Each structure stands twice: as structure tokens, then as C-alpha cells.
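Only one chain comes next, encoded as C-alpha cells, the form predicted alone.
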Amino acid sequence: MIRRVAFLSVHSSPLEAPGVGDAGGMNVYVDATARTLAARGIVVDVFTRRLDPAVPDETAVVPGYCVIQVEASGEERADLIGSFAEGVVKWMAAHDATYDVIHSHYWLSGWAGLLLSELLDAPLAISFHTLGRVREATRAPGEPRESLVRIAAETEVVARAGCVVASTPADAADLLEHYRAAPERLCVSPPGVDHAVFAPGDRGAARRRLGLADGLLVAVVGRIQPLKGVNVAIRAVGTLPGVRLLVVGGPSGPDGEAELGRLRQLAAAVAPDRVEFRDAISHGNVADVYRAADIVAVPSRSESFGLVAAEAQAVGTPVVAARVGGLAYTVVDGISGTLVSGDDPTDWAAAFAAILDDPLQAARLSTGAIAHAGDFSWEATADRLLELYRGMVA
């Protein structure tokens, strides 16, 4: 019986709004699964590194789900992770807490999870959400290489964790190919969608709430970083007269601000006055962005799942996504949206035009998008996780 679970989320708190800094789909995943498990009577404590001194030491999000800020310091990553793990142990001792399972999210948390798993004799599950070797394989010329420390840590965590949780079959294949994951300890558990929030709605009303004008609109939602391929969407829209592009999200990572500057310059050059940049908004309100758009574009170079694509489909908006990683699982080509191979703006523009110029095709894809998104739910995600947890404990 699973009674209490520790989630480790070292580098980003589920209390942070997605689309800003390091916060993204992983934050939504941690928050949604914690809420769903807590609703079933399972206590979930989420340990995250304190970055804001104003945030309380403990935040009770809902009954049974608490976010705990851990003081951790160190100039080297090994020192930081050791300090974080020590902080978790001190909190546990002070609160007389024990856990049936530790579930780490992202590679830094996996590193900390190995230390805690051995110390506490508790089984460790790991969800990487992104993989260093995959990001390295898709790195564009001139971009910094992935950290060797990260890749080494990921390899060690894969070898020693009780269960490695992949988001999609493609994610599992990457773990097998790049990290030699043991098949018997590799499990697939797709993220979900909150269908109470991400549901079909009136496009005109959504545009009025967002202050958007009428006309053909493509939207890109997510953090601003080179990996997300926003430049591809801008160049594609630049070849389609009368089509506007809405980009919603804040800069992320060491190159985020510079990338945002490059994107603004590109937009001014290839699609003047037709590209609008907006800061990230709350996760619930982003549903209106999906509803307002005729198409949601996901031109990322790699995605383990693509939560934006799943949520956009849930509101009935067709998705045009890159045929990479988990996106080929999250979007069904020709049924719920369109998959595009490569980053040629001409190919992306053709995919946009095929939907924007054909209302019947747009309506057919919208119907397919809603149906396909119905396969993703946080209840199903929780079911699978509990099955995995019970297996590890047994």
C-alpha cells in the first residue's frame, strides 16, 4: 500500500508559473500528479530548492500535497546536490516523516534521489522530462554543448533507479538507445491534461478576453529558448500574407534573453507588424490562447511529450508540430494535426496554409484533436504511477 511519496524537483518549483525561467511542462506534471495522488488519500511532499526567500518554508497546496523549500548551496553541482539531499533528510527527521517511494524529476533531482534512496532505503523512480544526450543530438551549430556532468549523472541514475519513467514510446526508445536502460525497469506513463480547464470554447470570446483582433492566427506557447524553434514559425508566417503569429512565453536558460532579441529582430524583418510577443500567463488562462488560435505550432527540435500540443488539442485547436520525439505520439498526423519533418519554413508554411485555407479540413482536425486528447488524463497518469510504485515496493 502506498501511503506517502516524496517528489524531488530541485531546479524548479511546481509553484512557479510555466513559461518563465526554468518552469515548463515538468512543473505542470509535478503539480498535477501531486494533486491527483493527494485526492486519492496519498500524502505527497514536493521538495524543491529555495530560490526566493519570500516563499514560505512549507506551502500546503491542497490537503495532502505540500511544497517544501530546501536550503541548498554549493559552487559545484555535486556540493549543491549533497546540500539539497542533506536538507531533505533534516526536514524528514524534524517531521518524523518516512516515504514509501522517492520520485525524482529531471536529472539533478535524480542525482539527489540516488543519495536519498540509499540512505533511506526507499525505492527510486525517475522521470527525466528531457535528456541530455537527446538535446545534444539536436543541438544547432553554435549552441553550447550539453554538460558532460549531466550526461554522466543521467547514465548513473538510469543504471541504478528502481524504475525509469518515460513519457512516450519514443522517450523510452531514447533511453534504451542512448543510456542502455534495462527494459525490465523502463516504464511508459504519458502525462495528462486537465480537461476541466482545457476544453473547447468560443474562439471570438477568447480573442476578446485576450485583446486580439479578428483574422487568421497561429500561436506558439512556451519558454523562449533556441530549442523551441520559434524562429521556424516566424519565418513560415512571414511567407503567408495576412496571417499573424502570437508568441506567448518568457525567456529561459542562459541564452533566453538573447534568443528573444534575435526573434524580435527576425519578426521585424520577415513579418513586420504581424508577430506579437507576450509574457507568459497563468497555466489556466493559457487555455484562452489555444482557443483563440486557428493553429498551435510546436516547432521544437526535441520534446519528450509536448504538453502544449496535448492541451491545445483538448480545446479543439489543430496542432502543427515537428515530427520529433514524443510529438509524433502526442499528435496524430492527419487526424489531430499535422507533423512536419525538418525545419524548412516552406514546409511549415504549407502545413499552416493547408489548414488555414480549408475550413473543412480545420473542422475535421479539430474533431480529431478533441478525441485524441481525450486519451490523456491525470487520473490515468496517477493510475500508472501507483502501479509502478507498488511494483517497486513489492
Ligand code: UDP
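Numbering starts at 1 and runs along the sequence shown. Model, not experiment: these values are computed from the prediction.
Here the subject shifts to the form predicted together with the named molecule, a form of this protein not shown in this document.
From the list 305-313, 258-266, 89-97, 118-126, the contact stretch for the named molecule in the predicted complex under a 4.5 Å heavy atom rule is 305-313.
For the options A153, A280, I81, A271, the residue carrying a heavy atom within 4.5 angstroms of the named molecule in the predicted complex is A280. Note on the partner interface in the predicted complex: the residue among A166, A233, V221, A85 having a heavy atom within 4.5 angstroms of the named molecule is V221. Mapping the unseen interface onto this chain, L216 falls outside it, with no heavy atom inside 4.5 Å of the named molecule in the predicted complex. The shortest heavy atom separation between V248 and the named molecule in the predicted complex is within 4.5 Å. Proximity of P14 to the named molecule in the predicted complex: non-hydrogen atoms within 4.5 Å are absent; the residue sits far from the partner. The named molecule is not drawn, but in the predicted complex it has a heavy atom within 4.5 Å of V286.
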